[in-house]
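The data below hold one chain only, encoded as structure tokens and taken in the form predicted alone.
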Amino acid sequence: MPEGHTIHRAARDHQKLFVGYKVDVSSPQGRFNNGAKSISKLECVAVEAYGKHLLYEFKNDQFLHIHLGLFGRIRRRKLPIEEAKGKVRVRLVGKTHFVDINGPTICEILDEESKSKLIDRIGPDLLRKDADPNKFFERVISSRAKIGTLLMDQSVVAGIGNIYRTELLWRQKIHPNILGKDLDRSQLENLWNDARALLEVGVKRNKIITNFKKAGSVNADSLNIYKKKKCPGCMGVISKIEISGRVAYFCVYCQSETS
């Protein structure tokens, strides 16, 4: 599943392509014909990301809401239009480029009220200037759930996926099984600040980078322990556990469960 930096990068790029222009919207696959017709040929006034949700606002106060889920993909191409590749749920055509969105989990039209309800369900987005970290701190400290679970809960904090979860907890020396209530304020502040910094790098580089010692060299690995066999900190063997249906990697020495 694309993580938060991917969606924010798409929002930033699509703002340049569509905002201020009348956008031709269609559904080559056919499953979104009615929704596409309701916004096609209208001016796009904003494109925003909220965590892993992408929202295109149109002049008629309607919003195209996209959530890619596990299998969704966004493809951007320069005009002229090419034949649709695969099952393209929705296609947006601007002045210079077109964007195809394949296989999203959610592709729907929202009004202002529905959009507000959606945003209210999403936790503070690390990449948004209006994000309130205190909401994240309060939710975690009051929870008996594992921090490895809470970081992936988009109602607690928005934008973190499985790779960032693994890398963040290793960088902060926190075991994924430690309960949220057992973390102190300074640990949570460090988690928030580190996550925000890493996601900002991800948006800028269009890639998840957490290993800055190697990321600058040619063909170097940009991650520390995700899907790795050895910990770069202590050279110990990397372990893995399943949390909420996803595999989390950790070092039993650098991330003690009892510390």
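Each residue number is its position in the shown sequence, starting from 1. All figures in this text were calculated on a predicted structure; none of them were measured in a lab.
Another form exists, predicted in complex with the DNA; not displayed. Remarks below refer to it.
Three-residue candidate spot 119, 186 and 203; no residue lies within 4.5 angstroms of the DNA in the predicted bound form by any non-hydrogen atom.
Contact annotation: the DNA lies within 4.5 Å of heavy atoms from the stretch 156-164 in the predicted bound form, the single such stretch among 156-164, 92-100, 124-132, 108-116. Taking 227, 230, 213, 59 one by one, only a single residue has any non-hydrogen atom within 4.5 Å of the DNA in the predicted bound form, and it is 227.
For the chain shown alone, residue 196 is not a contact residue for the DNA in the predicted bound form, no non-hydrogen atom being within 4.5 angstroms. Contact between residue 74 and the DNA in the predicted bound form is not found at the 4.5 Å heavy atom cutoff. Shown alone here, residue 41 lies farther than 4.5 Å from the DNA in the predicted bound form, counting heavy atoms only. Using a 4.5 Å cutoff between non-hydrogen atoms, residue 69 counts as a contact of the DNA in the predicted bound form.
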